[in-house]
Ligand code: LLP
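Only one chain is included here, represented as structure tokens and corresponding to the form predicted alone.
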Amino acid sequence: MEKYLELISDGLYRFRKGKLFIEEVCVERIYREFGTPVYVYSASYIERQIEKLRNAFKPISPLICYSMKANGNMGVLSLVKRAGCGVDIVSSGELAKALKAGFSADRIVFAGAGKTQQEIIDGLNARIFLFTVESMEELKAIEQIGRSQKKIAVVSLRINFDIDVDTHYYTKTSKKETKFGMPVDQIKSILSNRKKFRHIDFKGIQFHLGSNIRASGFYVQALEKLKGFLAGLNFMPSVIDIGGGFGIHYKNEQIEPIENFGKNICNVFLKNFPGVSMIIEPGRFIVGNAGILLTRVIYNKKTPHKNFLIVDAGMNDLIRPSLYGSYHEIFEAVRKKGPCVNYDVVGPICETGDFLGKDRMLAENLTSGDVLAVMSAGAYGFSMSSNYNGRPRAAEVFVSGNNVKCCRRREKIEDLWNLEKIL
């Protein structure tokens, strides 16, 4: 347990006298004050991860555009912005939130395969850095809107190299059967005829391989493919966006250190694309292990076939285990003495697929009111949460040193219908 905590957090999570601490704060203080379920984030962790990225990619000094989809809490955004990062967005909602958080428009990149006309207009009006274009249809829409508004849209073309990476099928984004990016031949045709698009500035090329990638070789492979692709064209981008997806530890799996990612990627980049700028779009790497989800035991249910810890957080709060079969370490927030038994840790949602972890060894004498910590929940936790089964969404709390601040209040029951009308 301690080895795992050190692996993921550089000592920012640890047990003291049997109680879990985040930075200098005992989580017992947090759940007593804010209740459960509650997401808790370490500010220092986020700052350290950004610094690690800067050091790893120092030879190139890329523009770091934080992937907002991972965790769009305004507290997270303000930290990332103060660290000098830009932001990667995928909707007008994220655009508005990024601007509200203080991000400069010229450090915003707009991705996503399904941008509506209004979203393109919003991006143009905000004067964002660039659109990441994912289809010919989108490119034509941007050209038409640019013409009608008498504006030039800066774009980066997303290329799909059909590279298979070692990650969950749902988070592979550079296979030919996915909806993302454009085939090589189509981008070649676009670039060969780019003068036809008079309201588009073709500034960059982008690829995004997937999420939670554990080895840098996939990026090296993509960059080598890109070199070969550009060799036959009269075009050299001024910026290359390699996406994000750098992996994190959810348990003791083998993952290349970010220093290796930076070294290997920078070496091939500098060799093949001298003078070209780089963009990276990390999300999970920055916030994934910055956050935990605290949840309270409702019942310790033992049957002849299975032991269950039924807790007050479910798939509505953290859907990753149900959706991806994802693994999250689960600890007792305050260690109990005595023997351990095998449990499935399940939520209150009326779905058999509602679980946070299966086959976990936890204290046999856990009882109603005891609290568990679900680790590695900072990315795609709250951002994917819902009100399914009529459950208000959890509170979000920030820890910095020995200070605790609520950065999103717990939803109230009446929030469930405030936008609705009785007919």
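Residue numbers here begin at 1 and follow the sequence given. Here the structure is a predicted model, which is why all the values come from computation and not from measurement.
Beyond what is shown, the protein has a form predicted together with the named molecule; the following relates to that form.
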Report the stretch among 61 to 69, 388 to 396, 356 to 364, 36 to 44 that approaches the named molecule in the predicted bound form to within 4.5 Å, counting heavy atoms only. 61 to 69
To verify the annotation, which of these, G314, G283, G204, G86, has a non-hydrogen atom within 4.5 Å of the named molecule in the predicted bound form? G283
Of G146, G244, G181, G123, which residue is found within 4.5 angstroms of the named molecule in the predicted bound form when only non-hydrogen atoms are counted? G244
Check N212 for me: does it contact the named molecule in the predicted bound form (non-hydrogen atoms, 4.5 angstroms)? yes
Might M384 be said to contact the named molecule in the predicted bound form, defining contact as any heavy atom within 4.5 Å? yes
Could you tell me if A111 has a non-hydrogen atom within 4.5 Å of the named molecule in the predicted bound form? yes
Is it the case that Y31, even though its partner is missing from this view, gets within 4.5 Å of the named molecule in the predicted bound form, heavy atoms only? no
Heavy atom within 4.5 Å of the named molecule in the predicted bound form - qualifying residues of 309 to 345: R320, Y324
